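What follows are C-alpha cells for two forms of the same protein chain, given separately as structure 1 and structure 2.
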Structure 1
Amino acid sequence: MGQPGLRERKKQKTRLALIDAALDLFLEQGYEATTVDQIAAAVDVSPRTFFRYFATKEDVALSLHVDGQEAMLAELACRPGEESPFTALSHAVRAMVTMLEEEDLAERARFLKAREVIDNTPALFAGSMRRVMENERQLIAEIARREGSGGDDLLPHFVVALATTVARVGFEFCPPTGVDDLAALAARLEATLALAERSLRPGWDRP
C-alpha cells in the first residue's frame, strides 16, 4: 500500500507527459516556435492546466535541472565538516551525475534531451544560469556556515563560484549527445575537476 493513491499517480503521469511532450516539441521545432497551447494539446489538457504544473514555459524545460541542483545541495549538507570547502563541493557536484546514474532509463533520456534543448536555446540557458546563481547563494551560505566565516568574506564566494564554474565547464559543450552520453558527461566532469585540482595551490580554499 506504498502506492501514493490514484490521484497522485495521475498527477505525476500528467507532469511527465507534459515534460516529454514539451521536450519533443522543442527539439522538433525549437523552443520559441512551440506554444504552450501546442504542448497542452499534445497531452490533451487545457493550456490553463499546463500553468498549474509549471509556472512558466521555461520551467517545463528546466525542471530536471532543478532536481540536480537540489541533489547537489543535499549532498553538500551530508559532507563531513573536516572536509575542505572545495573538496566537499566537488563531491556535491559529482552527486548530480551519480544521482542520474541511479535513475530510470526514461528519466535519463529525458535529462539528456533537456540538456540538448537548453544548450541550444539562449533563453533557456539564461534561465538555467539564473537558477544556478540562486543556488549559489545557498551554497555560499552553507560553506560560510561550515567554515564559520562572516557574510562579507570573499573566500566563500570565490570557492563556490569556482565550484559552479567547474560544474558548468564540465557539463557544457559536450559533443552531440548520442543514445546515452551519461558516461561521457561524467568523464568530462572528472577531467574538469582534475584540471581545477591541478591548477590550484594546496590549501587555497581555507584561510
Structure 2
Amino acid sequence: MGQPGLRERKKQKTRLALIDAALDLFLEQGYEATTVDQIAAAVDVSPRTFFRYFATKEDVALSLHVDGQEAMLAELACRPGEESPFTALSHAVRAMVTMLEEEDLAERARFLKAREVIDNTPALFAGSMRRVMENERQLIAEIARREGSGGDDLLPHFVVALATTVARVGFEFCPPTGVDDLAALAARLEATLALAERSLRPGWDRP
C-alpha cells in the first residue's frame, strides 16, 4: 500500500490534534465540563470541522480505544485459516499491543492519557464497555465465518469470551502511570496469553 496523499495526511493531523486537545482538556478540567466548542477552539478550527471527524464528545474520547479494536478485528480476519480460533485471536491481540509498542512517544502518551480519562470518567467507562461488547459481537461473527459455523455454535462465543478476559486481566494489572507502562502491559498480556494457551493443552502443568 502506498503512502497517504497530502490531503489524507492533513486530515490525520487534524484528527490527532483534536484528540490531543480533547484529552488535555478532559484531564485538566474534567470530561463533563469540557465542550466541543472548547476542543475546536484549542485546535483553531470550527465546531463544524470537529463534527466532520467525530459525531460526539464521547467519540473523540474513545477514538483510540475504537481504533485498537478495529485493528484487532482486521488482524484476526488476516490470520491463516488453518490456525485454531484461539490461536488466531491471540495473535490478533498480540498484534494490537505490538502496534502500540512500535508507536512513537507521542502516540504512547496519547494512549495512556486516553486510558486515564476513561478510567476516571464513569460515563466514558460505560461507553467503552458498550463498544467492547459490540467489538466482541464482531469478533464472534469473524470466528464463526472462519469456522463456517452458524449462530448457534458455542465455540466462537467461548473463544472470544476467553480471549477478551485474558486481555482484560493483562490490562488491569498495568495502571497508567507513565509511557513505560506499555512495556509492562505487553509483558503482562503475553504472560496471561501464554498461561491460557498452556491451560488449554491436555495434561498441562501449572508453572
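Every residue number counts along structure 1's sequence, beginning with 1. Rigid core (definition): largest C-alpha set, two forms, superposition within 1.5 Å. What you see is a predicted model; the values in this text were computed from it and never measured.
> Tell me which of the two structures is the form predicted on its own, please.
Pick structure 2; the other is not the form predicted on its own.
> Need one number: degrees of rotation of the smaller rigid part relative to the larger between the two structures.
Rotation of the smaller segment between the two structures is 15 degrees.
> Keeping the rigid core fixed, what distance in angstrom separates the two C-alpha positions of residue 194 between the two structures?
Residue 194 C-alpha displacement between the two structures, core-aligned: 2.8 Å.
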